[in-house]
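Taking the form predicted on its own, here's one chain by itself in structure tokens.
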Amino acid sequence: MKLLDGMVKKVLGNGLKVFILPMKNYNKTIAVYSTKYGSLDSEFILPGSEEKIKVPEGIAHFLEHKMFDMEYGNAFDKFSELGAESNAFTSYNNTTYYFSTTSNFYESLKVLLDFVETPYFTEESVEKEKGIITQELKMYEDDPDWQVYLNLLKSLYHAFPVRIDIGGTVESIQRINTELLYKCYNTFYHPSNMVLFIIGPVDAKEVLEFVEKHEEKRNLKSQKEIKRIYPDEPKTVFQKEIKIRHSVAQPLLLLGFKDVDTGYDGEKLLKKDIIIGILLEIMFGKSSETYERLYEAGLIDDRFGFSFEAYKDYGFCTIGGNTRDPEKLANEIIKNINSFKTKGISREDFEIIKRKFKGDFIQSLNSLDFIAHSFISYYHRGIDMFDFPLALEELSFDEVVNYIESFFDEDRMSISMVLPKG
């Protein structure tokens, strides 16, 4: 793509992957520093070792909280002094730190590199953090949207750690200490396991020189890939349905299908991601007959939606939202999917949704935030986000049709409901 004309890429001597994309007609610059280390990685083998290490659930998220601590204080305050906005998040697969700024870019970049590369944990601050994260976990227990989602994953999966809250549990975080934090940091925050992406009105060559000089001072060598250990996961679902009572004015329903076609990433994963997205859009998108019918019947509102999470080791789709009658909505969703299995999708709908996806993608490229965060998300799945238009273009009607029967298998479906108390 023309957008990529000025992209600079380099793997540094210590293994860090650096991508710099100059965008001259913008005022803001965004830098994203990410490690391929998420909540799933609680059992692993260190590079060059045979020893299996198991750490408490939630430690990746705990580590993210503690990384902003520096001997001088808090990195957040440094960003604020420079006029930059910063934040971080932990997902199932990665932990990501970032800032955006319209001024003081190099000073902000130095703060980002310094704090992510300088672990500073004390027993006192770790104990204090346990209280903070406990409150955060309890807050999520009170969030019905999170509960209906997490319960669906607990129903779809028997053992795979995607069924565990990213933050762990109140019990698991009590077992975290400074020794474990340093062990996880030294394993997963090695530059060989990390990527730096910068986008904005910058001189790519100059920025690369700045990063290279900074990284040379660390005197680290590239290391082999970390072996991650996951439990065996049956192809069946753990349970077909779960219902809980919560303080909600209206019930919530989430229906999901477990993807058992896993074990690969890259272009093949991108293709599957697009295919399931197209099918969901045709069957339940806002321009579909089904959406209009369910909306007119008062079974759904604007919060109805769907998604597909496609990763190398797991995948699932979700469909649902708030509804006055979750049982009836679940039946309507299943009936609609079965109808498409019988009659198929039309070639016309397929072409319309392809054009829509292409248009949405091109429009999204106006947003530096979209590019920065999508690039990182795709990168950790072995995908170049800028391959999306070509993969979409090359997708055939038959390839999409073949997925309806195989993916939307009722034997691999679970339903999660949150119902009002009383």
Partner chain sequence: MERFIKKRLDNGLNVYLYPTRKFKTLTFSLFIHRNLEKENATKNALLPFVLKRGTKSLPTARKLSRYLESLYGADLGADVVKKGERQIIQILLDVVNPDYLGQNGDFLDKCLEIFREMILDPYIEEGSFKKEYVDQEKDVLKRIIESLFNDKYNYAIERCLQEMCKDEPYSIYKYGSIDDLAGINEKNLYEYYLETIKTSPMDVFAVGDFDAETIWEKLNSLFKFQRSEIPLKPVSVKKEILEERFVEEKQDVNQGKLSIGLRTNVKYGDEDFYALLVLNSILGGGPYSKLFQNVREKASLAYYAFSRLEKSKGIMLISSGIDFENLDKAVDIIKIQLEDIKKGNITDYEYESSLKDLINSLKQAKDSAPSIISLFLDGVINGIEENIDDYIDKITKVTKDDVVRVAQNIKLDTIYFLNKKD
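Note that the structure is a prediction, hence the values are computed from the model and not measured. Residue numbers count along the first chain shown, from 1.
The same protein also has a form predicted in complex with its partner chain, omitted here; what follows describes it.
Contact with its partner chain in the predicted complex, judged as any non-hydrogen atom within 4.5 angstroms, is confined among 151-159, 101-109, 210-218, 228-236 to 101-109. Here the marked residues N74, D77 and E292 all reach its partner chain in the predicted complex, each with a heavy atom within 4.5 angstroms. This chain appears without its partner; in the predicted complex, the one residue of E123, D142, E171, E206 with a heavy atom within 4.5 Å of its partner chain is D142. Proximity to its partner chain in the predicted complex, taken as a non-hydrogen atom within 4.5 angstroms, holds for one residue of N336, T90, T187, N322, which is N322. Although the partner is absent here, R381 is not a contact residue: none of its heavy atoms lies within 4.5 angstroms of its partner chain in the predicted complex.
Its partner chain in the predicted complex is not approached by I274, whose heavy atoms all lie more than 4.5 angstroms from it. Although the partner is absent from this view, A330 stays clear of its partner chain in the predicted complex, with no non-hydrogen atom inside 4.5 angstroms. In the predicted complex, its partner chain lies within 4.5 Å of some heavy atom of R355. Residues K128, E129, G131, I132, Q135, E136, K138, M139 of 107-140 are found to place at least one heavy atom within 4.5 Å of its partner chain in the predicted complex.
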